[in-house]
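Okay, so here's just one chain, in structure tokens, the form predicted on its own.
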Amino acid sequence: MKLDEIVISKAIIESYKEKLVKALDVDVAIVGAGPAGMVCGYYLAKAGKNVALFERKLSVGGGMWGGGIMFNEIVVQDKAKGVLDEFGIKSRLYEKGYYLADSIEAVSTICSKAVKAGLKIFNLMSVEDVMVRNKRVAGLVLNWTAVEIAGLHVDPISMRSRVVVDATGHPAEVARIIEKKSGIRLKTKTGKTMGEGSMWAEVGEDTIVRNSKEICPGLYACGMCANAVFGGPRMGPIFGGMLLAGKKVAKDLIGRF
């Protein structure tokens, strides 16, 4: 069979267009494809929700790829081992309460299982603004990451969702857009993003799960973003809280609609 470059190009463009159009009106839009965002998307998609995830970078996985200081091993605690087991990610006991897993296997498996469950992931796409209707987050304003990096004056597109999940990690990007532009008071002690504290794994792992909740009407924090919003400490190279936070937010949203 003779290959035709034009057919190849048409196949890519037509297929992507169809996928993107379907993602313009969803149940849940997740921003950030780190472990928390992908785990959240997995459980939502598995429950039959229409979910789209937007990631600024070329690759997914956030900081999980690099483990600690680029040693590609991750640590999880007892509470989170069940999530690894559910995904079929191999783990091994290091010492009581501490389990190790290969970070490459962890990221690739979570991504694969999430996509197979029905999560639609769009990489190289940045969120530059948020749609707000009647003091409620109602969707996202999207543009290509290349446009953002180049500083080009190119207008974005918009998409609608019943709920938005901010899983952008330390920057808490969506929450900060809301704080800066919408006039909505966040559900924190100050009404604004409080910023994360210094590293304290024991406290950070617990608070990252507790703080993964609604920030304001229509917007949830998930993963490290939650501690950045509500003022919890960073937890360093342990990833159990990220997995549990994604599962918690998904469970909360599945129960809402």
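Here the structure is a predicted model, which is why all the values come from computation and not from measurement. Counting begins at 1, following the sequence as shown.
Here the subject shifts to the form predicted together with a small molecule, a form of this protein not shown in this document.
K.L.:
Using a 4.5 Å heavy atom cut-off, which of 29-37, 43-51, 187-195, 213-221 contacts the small molecule in the predicted complex?
P.N.:
Looking at the partner contacts, the answer comes out as 29-37.
K.L.:
Answer with one of 126, 182, 91, 77: the residue that has a non-hydrogen atom within 4.5 Å of the small molecule in the predicted complex.
P.N.:
None of the others qualify; the residue that does is 126.
K.L.:
How about residue 170 - does it come within 4.5 Å of the small molecule in the predicted complex, if we only consider non-hydrogen atoms?
P.N.:
Contact check for residue 170: yes, within 4.5 Å of the small molecule in the predicted complex.
K.L.:
Within a 4.5 Å heavy atom cut-off, is residue 232 in contact with the small molecule in the predicted complex?
P.N.:
Although the small molecule is absent here, residue 232 would stay clear of it in the predicted complex, with no heavy atoms inside 4.5 Å.
K.L.:
Can residue 64 be called a contact residue for the small molecule in the predicted complex at 4.5 Å between heavy atoms?
P.N.:
Yes, contact at 4.5 Å.
K.L.:
In the predicted complex, does residue 24 come within 4.5 Å of the small molecule, counting heavy atoms only?
P.N.:
Residue 24 lies outside the contact set for the small molecule.
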